[in-house]
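One chain comes next, on its own, written out as C-alpha cells in the form predicted on its own.
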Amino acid sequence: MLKAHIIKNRRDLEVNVTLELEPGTAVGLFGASGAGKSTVLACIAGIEQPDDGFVQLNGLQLFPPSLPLHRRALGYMTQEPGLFPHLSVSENIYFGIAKALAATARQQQWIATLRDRLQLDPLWHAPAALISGGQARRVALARMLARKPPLVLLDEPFAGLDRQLVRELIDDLIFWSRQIGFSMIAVDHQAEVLKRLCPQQAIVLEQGKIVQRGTWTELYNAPATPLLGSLLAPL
C-alpha cells in the first residue's frame, strides 16, 4: 500500500496532494500541463524531495527522511528512457540488480521472459546509443520490470511515439501488471491513454490541488471544473 501526502512549493504554485493506493490497483493523474502531476511522481520516486508531508510504501518510510533512490522498491518511467548509452541493451537491463541475484536461475529466467515478450532479442548486445527511440522505451520498460517492483510510476512515457507502439506498450504494461501484481500511478496528457492503463480510478489536479476523484465515467459526466470539462471534450 502507498500512503503519501506531498507538499512541494514551486515557483508558481504549491503542490498539496494526498494519495492512498491499495496493492494491485491503478490510478490515473490527470490535468492540464503545470498542474503538479509530475511533481507528485518525482517526490514519490525520490527524484525530488517534498518540503513537507510523508511518503510510505508497504510500511517503509520513504520520506521523511528521504530514503535513497536505490532503496525504494518502485519503478519509474518518464519521457526520457534514461539508458546508459555506453552500455549494451542487456547491460542496461541488468543495471541495478545485485550480482548475486542476477546470477540466479530464477532471475535469469525472468529476464529471458521479459526479453522474449518485449521483442528485445535482436537488440540484446547492441549499444544503447544506436537503438531507436521506440526500442529504447521497450528497454526502459524491461529494466524497470526486471526488479519486479510493487509500485510503478509512469510520467508520460509514451510521449512522441506513434500510436501503434503506444498501444503495444500499454498492452505490455497491462499484461505485466497482472503477472507481477504491481500498483500503478500514471500521468499522461491524453485521457484515453489513462483510461486504458487505469480504467477504475482517476484523480484530477488543478494548480497543485486535487479537484476531483472518481471513475472516468463520473469525470466525463460531471467534470468538477470548466477546465477539466475542456480537457475531456472530444477534439
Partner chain sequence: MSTSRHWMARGFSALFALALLYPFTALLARIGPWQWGAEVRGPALASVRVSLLLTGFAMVIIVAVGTPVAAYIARCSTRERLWWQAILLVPILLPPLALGILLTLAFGPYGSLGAILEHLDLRLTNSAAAFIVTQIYVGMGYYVLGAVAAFDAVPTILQKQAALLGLPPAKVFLRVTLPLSRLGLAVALSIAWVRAIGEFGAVVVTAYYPSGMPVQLWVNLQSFGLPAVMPLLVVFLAVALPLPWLVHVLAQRNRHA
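Residue numbers count along the first chain shown, from 1. Model, not experiment: these values are computed from the prediction.
Another form, the form predicted together with the partner chain, is not on view; read the next lines as being about it.
The three residues Lys3, Gly24 and Gly59 each lack any heavy atom within 4.5 Å of the partner chain in the predicted complex. When contacts are judged by a 4.5 Å heavy atom cut-off, His70 counts as touching the partner chain in the predicted complex. Using a 4.5 angstroms limit between non-hydrogen atoms, Lys148 is distant from the partner chain in the predicted complex.
Among heavy atoms of Ala129, some come within 4.5 Å of the partner chain in the predicted complex. Not displayed here, the partner chain is kept clear of Phe158 by more than 4.5 Å at the level of heavy atoms in the predicted complex.
Among Val152, Leu114, Leu123, Leu83, the residue placing a heavy atom within 4.5 Å of the partner chain in the predicted complex is Leu83. Proximity to the partner chain in the predicted complex, defined as a heavy atom within 4.5 Å, singles out one entry of Ala32, Ile47, Ile180, Ile174, which is Ile47. Across the options 84 to 92, 115 to 123, 131 to 139, 161 to 169, residues that bring heavy atoms within 4.5 Å of the partner chain in the predicted complex belong to 84 to 92.
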